[in-house]
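Take a look at this single chain, the form predicted on its own, given in C-alpha cells.
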C-alpha cells in the first residue's frame, strides 16, 4: 500500500500540488481526472521521483521513498510519448529494464526470453518481438511501452495519459485491455487522463484534481451520480448547471422559476443530468413531482448510441438533453421551436454558493 501525506509542490511561487493526501490500496485501478494545468502529470512525477517535493511524505509498504531516486522506488512509469528506443527491436525494448536495472539485473538469457515472451503475449504482441519500433503502429508502440514497464514487476504502475495519442476506436479497445492486464498481474495502476469517459470507465476509484487539490475521491458511479462540487459536475460533463437563488419556494434562474425538491434549501446552483430530461410540447401537462422549463431548440448531434439535443435557455445559455437510442427513437425539431423540458425533482442536485453539494456530509479523515 502507498500512503501519501501532505504533498506540496510549487513552481515560481504558484502551487502545482497542494496538501494532497491519499491511501493507495494494493491491486486497484485509480484514475486521476482534471482539467489542463490541474496538476495531474505533476502528481505522477512527484510519486515517481522525477520531480522533488517541497514538503510531504510518501511511503510504500511501510518504507519511506520520499528521498529515494526514481530507479530505486520500485515503481513503473508509462509515458504518453512511449519513450522507446528506435534503434532496438520490440523484444530488446521490453527486455532493457530487466537487463540493465541497477538492482538485481536479470543476466540469464533464458529467463529474460521467458519473461519477455510472457509479457508480449499478455499485451497482445506475440510474434512481433523481432520487429523494429519503426515497423509497428502507434497502438502497438503503446503496448510495448506498457510491456517494458510491467516486465520489471513494479509495485505500482503510473500511466500518464497513455491513451491520449491513440485514435478513438483503438482507445476504446485499450481501455478494456488495460483493465484486463492490470487484473491479470494484480498490479496497482494510477492512470492520469483528461477524458471523463475514460476515467469513469476504467477506475475502481477516481481522483478529481483541481488546482492541485483533490476535490473528490470516490467510486465512479457515486462520483457520476453525486458530484461533490459544481467543479466536479463540470468535469463529468453530463450536467446542466444553472446558477441562481432560492426565492419564494422555488429556484430563481434568470427569469425562470424552477420547482425545488422538498424540503427547499438555500442554494446557489441547480443541477440536472442531461439524460434525466424529457422533451415535450408547449401546453402538455407536467406530471406531479416534475420540474420544467421552456427552451428553444438549436441543434442536435448524433453520437452513435445516443443523440444530444441543444436548447437555448430563456437566459441565453445552452441546455443539453441526452436521449439514448436503446430506449427512445430520435426525433426532429425545427430550429427555434419552443419545447417544454422536464425532469424528475428526485434527480435534482442543489449546491451552495460555494459550489459544494448541500446534502453531502463533510468528509472526515484521510481521502481513501
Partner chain sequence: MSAVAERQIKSDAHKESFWRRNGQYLLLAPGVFWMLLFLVVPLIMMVYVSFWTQTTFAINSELTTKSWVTFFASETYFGALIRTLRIWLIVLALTFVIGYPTALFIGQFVRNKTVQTALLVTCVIPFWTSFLIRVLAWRPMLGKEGAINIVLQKFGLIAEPIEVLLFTELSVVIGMLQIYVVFMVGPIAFMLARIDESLLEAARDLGADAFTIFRKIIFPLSLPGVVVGAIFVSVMVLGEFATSAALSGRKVNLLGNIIVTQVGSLKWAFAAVIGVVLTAVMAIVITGLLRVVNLRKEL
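Residue numbers count along the first chain shown, from 1. Please read all numbers here as calculations on a predicted model, not as lab measurements.
The protein also exists as the form predicted in complex with its partner chain; that form is not presented, and the subsequent description refers to it.
- Only one of 219, 201, 79, 195 comes within 4.5 Å of its partner chain in the predicted complex through a heavy atom, and that residue is 79.
- Of the listed positions (257, 155, 71, 171), a single one reaches within 4.5 angstroms of its partner chain by any non-hydrogen atom in the predicted complex, namely 71.
- Only one of 60-68, 26-34, 40-48, 311-319 places residue heavy atoms within 4.5 angstroms of its partner chain in the predicted complex, namely 40-48.
- Residue contact with its partner chain in the predicted complex: residue 88 places a heavy atom within 4.5 Å of it.
- In the predicted complex, at least one heavy atom of residue 84 sits within 4.5 Å of a heavy atom of its partner chain.
- Contact annotation for residue 266: none of its heavy atoms lies within 4.5 Å of its partner chain in the predicted complex.
- When contacts are judged by a 4.5 Å heavy atom cut-off, residue 96 counts as touching its partner chain in the predicted complex.
- Residues 148, 149, 152 are the members of 140-155 with a non-hydrogen atom no more than 4.5 angstroms from its partner chain in the predicted complex.
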